[in-house]
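Just the one chain here, the form predicted on its own, laid out as structure tokens.
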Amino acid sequence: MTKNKKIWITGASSGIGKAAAKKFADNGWLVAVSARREKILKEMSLHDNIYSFPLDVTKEEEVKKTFNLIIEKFKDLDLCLFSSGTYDPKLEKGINIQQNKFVMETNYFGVLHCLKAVEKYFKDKKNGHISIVSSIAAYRGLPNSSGYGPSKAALTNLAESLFFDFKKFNVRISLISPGFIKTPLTEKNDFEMPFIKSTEYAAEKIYSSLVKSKSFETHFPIQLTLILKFLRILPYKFYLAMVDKLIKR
């Protein structure tokens, strides 16, 4: 296993993670896929370039052991795509402490566990790339998002912070900020999702960015993200009034 480039993808049993795994594998990468749903991972590993490493990212020691198994198998690793996440809009219409803790444990601390597991490896190697999947929900506070939005905002801030820390070791940190993508998670939404795209679209954007670009953030679809980036810079007075007006329609 020395000729192909190698990637570890978490949250790979569905949605963006699963589509990205197929995209990289189809392009000749050796892909280590991790998620809790072992059966789906085994089905994915029928692809010659995909290897299954079941994992619950909320368990720190399990993450460390899984990473060691991947290195033992691949001998080397070029890129990590940490995309594990969860979301339940019905439980976020109010403040649900138990749900918010679960979301933060998965979306934020799950990624943090993975980052900690690979930190020494990449810093010692003085090369490599780690990409974190956040969301445009991280840009500003949105209605009915007391758990998901804050967890993604924490991830975006984390990626920005780690960019400087890892750059000293010649390790690239990047951020993925998707808009609405057709996944099992977005199927739970009971509102219209503008410019919603397929997981294949997301995988193409991610692959192109991580392999062919040096940009820190990849955001898509551009029709939606540019609007939200504009809202991001508005003073609170205008932003809050605008969103309040929109949700009353």
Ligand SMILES: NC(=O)c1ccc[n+]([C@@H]2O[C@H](COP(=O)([O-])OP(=O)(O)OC[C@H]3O[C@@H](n4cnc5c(N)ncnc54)[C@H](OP(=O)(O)O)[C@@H]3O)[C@@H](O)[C@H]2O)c1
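Note that the structure is predicted; figures quoted are calculated from it, not measured. Counting begins at 1, following the sequence as shown.
The protein also exists as the form predicted together with the ligand; that form is not presented, and the subsequent description refers to it.
Visitor: Whether G28 contacts the ligand in the model of the complex should be assessed with a 4.5 Å heavy atom distance threshold; does it?
Guide: No - in the model of the complex, heavy atoms of G28 and the ligand never come within 4.5 Å of each other.
Visitor: Just checking whether E60 would be counted as a contact of the ligand in the model of the complex - the rule being heavy atoms within 4.5 angstroms.
Guide: Because no heavy atom of E60 falls inside 4.5 Å of the ligand in the model of the complex, the answer is no.
Visitor: With the cut-off set at 4.5 Å between non-hydrogen atoms, does K64 touch the ligand in the model of the complex?
Guide: No, K64 is distant from the partner.
Visitor: Would you check, heavy atoms only and a 4.5 Å threshold, whether P194 touches the ligand in the model of the complex?
Guide: No, P194 sits far enough from the ligand in the model of the complex that none of its heavy atoms falls within 4.5 Å.
Visitor: Quick check for you: of 164-172, 139-147, 69-77, 84-92, which stretch puts a non-hydrogen atom within 4.5 Å of the ligand in the model of the complex?
Guide: Heavy-atom contact with the partner occurs in 84-92.
Visitor: Within 4.5 Å, heavy atoms only, which of L210, A35, I50, A203 is in contact with the ligand in the model of the complex?
Guide: The residue from L210, A35, I50, A203 that makes the contact is A35.
Visitor: Which residues from 153-184 come close to the ligand in the model of the complex, meaning a heavy atom within 4.5 Å?
Guide: Result: P178, G179, F180, I181, T183, P184.
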